[in-house]
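Only one chain comes next, encoded as structure tokens, the form predicted alone.
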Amino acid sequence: MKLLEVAGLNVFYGDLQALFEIGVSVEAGQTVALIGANGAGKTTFLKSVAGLIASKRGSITFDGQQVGGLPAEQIAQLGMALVPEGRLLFQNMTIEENLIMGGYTGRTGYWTLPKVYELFPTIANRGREMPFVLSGGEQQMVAIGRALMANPRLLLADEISQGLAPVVVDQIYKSFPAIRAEGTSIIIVEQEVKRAAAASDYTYCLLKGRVTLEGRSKALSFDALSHAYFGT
């Protein structure tokens, strides 16, 4: 069953068109990778789906409902959560307060504070600390945990490995199977082709706002992905 279906999505920043006729779908329980270089349109796509960009044309259907014109808070209440690029934690709140903010939608389910701490034991005893004392990787864990506290059906993860050490990225990626096991589908936005393809069921490659390649991740060769990524 399709949880998310995007068809003919065009997005504009004023007179500048950023996305051109994008079509992406996510099955329930699936992990989809969206890869591409800086400026390819990956973040713009996620923000459009999450309702953070208004200037767009096309169809966005989430769990059978048209959501393309809905405000971000209403889309979140329907079960979509974004882990933003750069984490964007509330710096004047503690770690625990940041996590609790993720539950403002009122959605209930598996993910609670104890379950988030169980998923990311590194932050389990640091709930009273402020975000700025954490490492970049620990902050990313809080950002993911905050999104999970909304008990989403679809998790949008934007550039989650950016600027992090490989060992920390490995820890974060190891959390994805547990997240999926509780019924959450995932879209991973990444620049690192091999890691994203290895962690996903299906891959889309964007270049200059257009889909240049798509297919089941295991069936796409690294050469094909590289050509689509760089436009060669």
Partner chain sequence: MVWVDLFINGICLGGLYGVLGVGLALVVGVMRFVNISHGEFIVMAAFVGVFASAQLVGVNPLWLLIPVAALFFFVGYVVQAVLFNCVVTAPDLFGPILLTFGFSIVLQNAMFELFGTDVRSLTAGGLSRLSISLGSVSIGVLPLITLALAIAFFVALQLAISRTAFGRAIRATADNRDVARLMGVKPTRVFNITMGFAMAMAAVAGMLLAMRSTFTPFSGLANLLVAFEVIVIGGFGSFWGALLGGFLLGLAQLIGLHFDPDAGIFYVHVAFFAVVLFRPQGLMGIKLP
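Please read all numbers here as calculations on a predicted model, not as lab measurements. Residue numbers count along the first chain shown, from 1.
Quick note: we don't show the form predicted together with the partner chain, though the next part is all about it.
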With the partner left out here, check for me: in the predicted bound form, does some heavy atom of Gly41 sit within 4.5 Å of the partner chain?
no
Considering non-hydrogen atoms and a 4.5 Å limit, does the partner chain approach Ser135 in the predicted bound form?
no
Though only this chain appears here, would Ile60 touch the partner chain in the predicted bound form if you measure heavy atom gaps against 4.5 Å?
no
4.5 Å heavy atom contact, Ala50 to the partner chain in the predicted bound form
yes
Go through 91-115 residue by residue and record those having a heavy atom within 4.5 Å of the partner chain in the predicted bound form; state none if no residue qualifies.
Gln91, Asn92, Met93, Glu97, Ile100, Met101, Gly102, Tyr104, Thr105
